[in-house]
Every structure is written in structure tokens, then in C-alpha cells.
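Alright, two takes on the same chain below, each alone as C-alpha cells: structure 1 and structure 2.
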Structure 1
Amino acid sequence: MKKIIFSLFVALSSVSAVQAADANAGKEKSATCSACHGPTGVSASPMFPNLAGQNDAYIIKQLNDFKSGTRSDAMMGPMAANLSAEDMADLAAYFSGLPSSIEQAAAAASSGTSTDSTSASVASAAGNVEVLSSTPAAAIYKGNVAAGKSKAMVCAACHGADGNSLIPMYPSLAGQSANYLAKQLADFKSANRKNAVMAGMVAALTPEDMHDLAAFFAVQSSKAGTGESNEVGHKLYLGGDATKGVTACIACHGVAGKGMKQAAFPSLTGQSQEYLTQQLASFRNGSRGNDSNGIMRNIAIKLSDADIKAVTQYITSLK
């Protein structure tokens, strides 16, 4: 028994001894984690655990277990699949060094950030608008919904008056992440995302206009998908493709395709198969290159035409 405990101790301590974990590197690597676990390791959604202040050896063990499949979770499996031992150690060093959720809440209370409505301050602290749909838009979006409504008249011809497009080649904007919408408008204006029609539409827009428009469309209700499901596409969406190194779409676009609003991971639900196919093809051939760090180009380049057909078909069935 003593022997077992001793070798366990050696195994655990060697984790930290062999890898000189770097919390700063971990902070950079944690950008994708923040969508679910919160920007300060405190999650805004009851579905995702807090990581701030967690023991580092425990975090490393969980990540290894998600990677090997010993602990199975549809979201964490693909997230851990791409992490090296060094990445895990760095991430664990970063999260374990953050003040715990209780300490963070106490600090926020004493600095007076939770003055008016607590839910609004939780929303801005944790950065997640998804779980707080009842909070007035003004409290969580930069833009002004009413101002956005009048500015959106010119968009209606293509994107629909309520942001639900009736024409397959034009994307729906209703219920989309406001951060994502504002980013796209700025990208069209800077030509970081190239499209002749949209370039003309945004030429005269100020950053304030963009935030107002984004806020207006973000609070419109989106329509559920009406397409038929697809078995192959379903598998790819949920599990990715380990042989090709394709990360599962679910990791960023969510179980129901609604994306991660605060992280500007777009909702895909309700888009036409035609639009989805065109965007994946553009990421694949690089003609759309406005995704930070090539996050979508790196995935699309590994997809065959058949993969794209199957996965876009599946996405049109998401409600």
C-alpha cells in the first residue's frame, strides 16, 4: 500500500517537475476555453464548471482523461484532443492561479461593480449574454436596439425585415451574436472580409452604426432550421474527424448550432445550406480569411466536398 501511495506521489509530482508550466502561456492558450468556462475561469452558465482556483494536478488529469476518452464529454473531447502535455500544464498553471469564483464575486462586490441590477453585472463580468436573455439589451450590448431598427431599413431587402432572410444566398442575421455581427460589419468595411455587395452597404457606417445594427439583429428571434438531418454530417458535427484532424463543430458552434455569443462564434442555425456551403468553400480556398488565427480556415481546408455537403445538410436540421 505504502508503495502504491509513494509511486502515485512520484507520478503526480513529476507532472509539475518535468514540465516547467508557464501560466502566461496558459493564459494565451485559454482563449478558446473562455467561451464556455468564462474569461476569468468562472463560467456564466450552469452547464460549464468553474476552473478558477482549481488544483492544477486535477485539471491536468481531467484534460488527459478527456483526451484519452476515459472521461467522455462531447464538448471537452474535441477540445482536449488538440492539447499537448505542455499545453495542459500551462493551462492548469493559469487556471489554478486565478482567484476562485467566491473570491472574484467578493472582489466585485467590494469594488462596487454590482450596483444596479446584479444580473447585469454578472453578465458583464462573466461575459455571457446567452443565459440572460431577459436582461434589457442595453445592459449587455454596446449598441442601441431602437437606433439599430431604423438603420436596418436598408438591410431588409436582402436580410429580411426581422433579419430572417427569405433568399437562400443571403444569410439570416436574426438572433446572431452581436459581437459576431459587429465584427463582420467592421471586416467588410476594412475589406478583411471581401464581398462587393456588403462593401457598398457598410462604406458609410460608423462603428456606432455597426453596434446599433448588431444589437437590433441580435435581439430578433431566429427561425429554427427546417432541413432534413444527415447521419454522416451529424457525426462530423458532434465528433469531428480524428483521422483528418478536424475539430468537432460542436466545440465552438454549440449543441444546437447557436454558437458562443460572447466569443463571437456565430450561430449557424437557420442558415440556408447554400449560404453555409459557400462560406465553408470560401474558408477552404482562403477567399474568406477574416477568422482570427485561421480558426475556420484550418478546419475547412481538411473538409472534402462530401464532408461539406453532409455537415451543411445536418446544420439545416438544427432547431
Structure 2
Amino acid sequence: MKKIIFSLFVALSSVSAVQAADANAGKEKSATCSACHGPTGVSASPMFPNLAGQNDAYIIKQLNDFKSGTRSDAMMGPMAANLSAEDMADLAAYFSGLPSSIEQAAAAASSGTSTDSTSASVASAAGNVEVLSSTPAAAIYKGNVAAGKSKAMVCAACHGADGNSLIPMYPSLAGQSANYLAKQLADFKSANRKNAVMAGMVAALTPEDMHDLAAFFAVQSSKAGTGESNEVGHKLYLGGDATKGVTACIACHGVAGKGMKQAAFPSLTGQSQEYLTQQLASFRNGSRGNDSNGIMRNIAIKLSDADIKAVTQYITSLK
């Protein structure tokens, strides 16, 4: 009896949410959904479902289930984790109001246009960014840039179509060292670096896939930092802290935060403060330990919360 009452309560809550939904707000919030589900709610990949024309109550229920863990998915779990009931209702209202895939296909056929373009869908979802698929410096990379572009479609939802993430909790990959990226993918697969989402994403990747993806993201253009500078962080980044035995960040990451590609020291520019803070905290508490010779763990363990806040704030200002 209690289960029946609870089910009725959930159903009524969903109905209330649907009635209060704002489709226009849902359209704005759907930017992060479009890389996988398509900018018009019709996915270009058979891996991901079409949302256009879907029942709004069903969409809300699935998002709630992903958030609660009732429905398990390595990608959707984190995507739904921070959604409020209002967010879910708005997204559901937007997608349910879109023409279904059949209707869109019929409209495209009558107008002589095609909807079967994966690249176009992702480019549109990312705001028509320029995505490179070839490079005259291909010999530098073990991977194939063009092959990496195709394989990177599933990465776009979190990391952006061109490797510049729009979601603060996920890192930007554009312009990153290919050696570094390939190592991280291998570490996620071996569990030397632990992350529930990435573990699922890399499970089927071959070494060739990893090098192709690394080559593709390495030749993309990273975006300059947009954060405000921080004087304390500036001093810590450039000079370290001798009293604590903290090495200056520039030793590995350079004055401009671009890293040292051949040594596989990562670029830091364009990363969000949230992501940088998360990684320093992980190195400090030991939950991340795939740094070469424990370099980052030895530094991070000497940093206070205030140090981390200051230096990550400064890094976000690097161009």
C-alpha cells in the first residue's frame, strides 16, 4: 500500500512539474544535451536516444531515476546529478515540444535537406566552432587526427565538440599535450586514475583509439582564461612557497600555463576553477595518484585550502 501511495505521489509531482515547466528555459538548458541527443532532439549517433517529441512525463521520470541511481548510466548519472526538479521539467517541456524524428525527416525530405550529418549536428551544438580534422604536423602524433575526430563524438557532451568544455566540472582537452591525453586515457582504463564516468567511456578503447583521440584534441585551439587574477595565487604560481617547500607551478606548467608537451606536463589554461580545485584536492588526499613520481601529490599535500583557492583563481586568468 505504501509503495502505491509513493508511486502516486511521484506521478502527481511529475504532473505538477510538467504544468509549471518553461520550454524556452529548457531550450537554453539543453545546450549540454545536444552533443549526444542532437540540437533538435534527434541524435546523430545510434548510441543515444532521440528526445524530440518524447512524452514529457517520461523524460522527467528518467532524469529523476538517473539522479537517484534507480537507473544507472555512467554518463547520465553525473549529467543529472545537479538538475533540479525545475530543470528537469523545463528540459522535458522543450524536448517534448519538438517535432519527432519522423516529422523532422519528412520535413527535411520535402525541403531537400538532410538530417543525417553527425558532424553538422555536433558543430551546431557547439555553436559552430571550428573543429580541425587534419594537420601538417601529423607526424608529431602517434594517432590519426581525422580518425580521432570521428571517435571524439561521444566525448563532446562533457568536453565540447572542439575540446573546450562548457561544463565546469569537466576538463577542456583542446590544445592539450597528446602524450598527456593518451596517458590519462590509459590510466583511466587501467584504473591507475579512477573516475566512474571515464572508466565506462574508456573500457572499449584500444591504444590506437587513445592515440587518435589524443591527436585530435591536441590540434584544437584552446580558449584563453576568463577569470580574474589573484595576487596571492600569482606569487604562488610564479615563485612557490619556500617556507612550505612548495615548488613554483611554472617549473612544469610554464609562465603562461601552457605546460610542456614533450614532457607530458599538461596545459592549465582554459580550465575552470572548479575542475582545477577538484584535481588539486584529489592529489592532496591521495585519491588521484597517477602523477609521475608523485610530483603533484608532494606539492598538493603542502597546500592549504586557501592556497588552492588562490592559485586556481590565478590560473583561470591565464591567456
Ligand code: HEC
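Residue indices: 1-based, along structure 1. What we label the rigid core is the largest C-alpha set whose atoms superpose within 1.5 Å from one form to the other. Because the structure is predicted, anything quoted here is derived from the model rather than measured.
- Between the two isolated copies of the chain, the first is the form predicted together with this ligand.
- After superposition on the rigid core, displacement of the C-alpha of residue 270 between structures 1 and 2 stays below 2 Å.
- Core-superposed comparison between structures 1 and 2: the Cα of residue 87 travels 2 Å or more.
- Core-superposed comparison between structures 1 and 2: the C-alpha position of residue 279 differs by less than 2 Å.
- Here the two forms are laid over each other by their core, and the C-alpha of residue 53 is off by 70.7 Å between structures 1 and 2.
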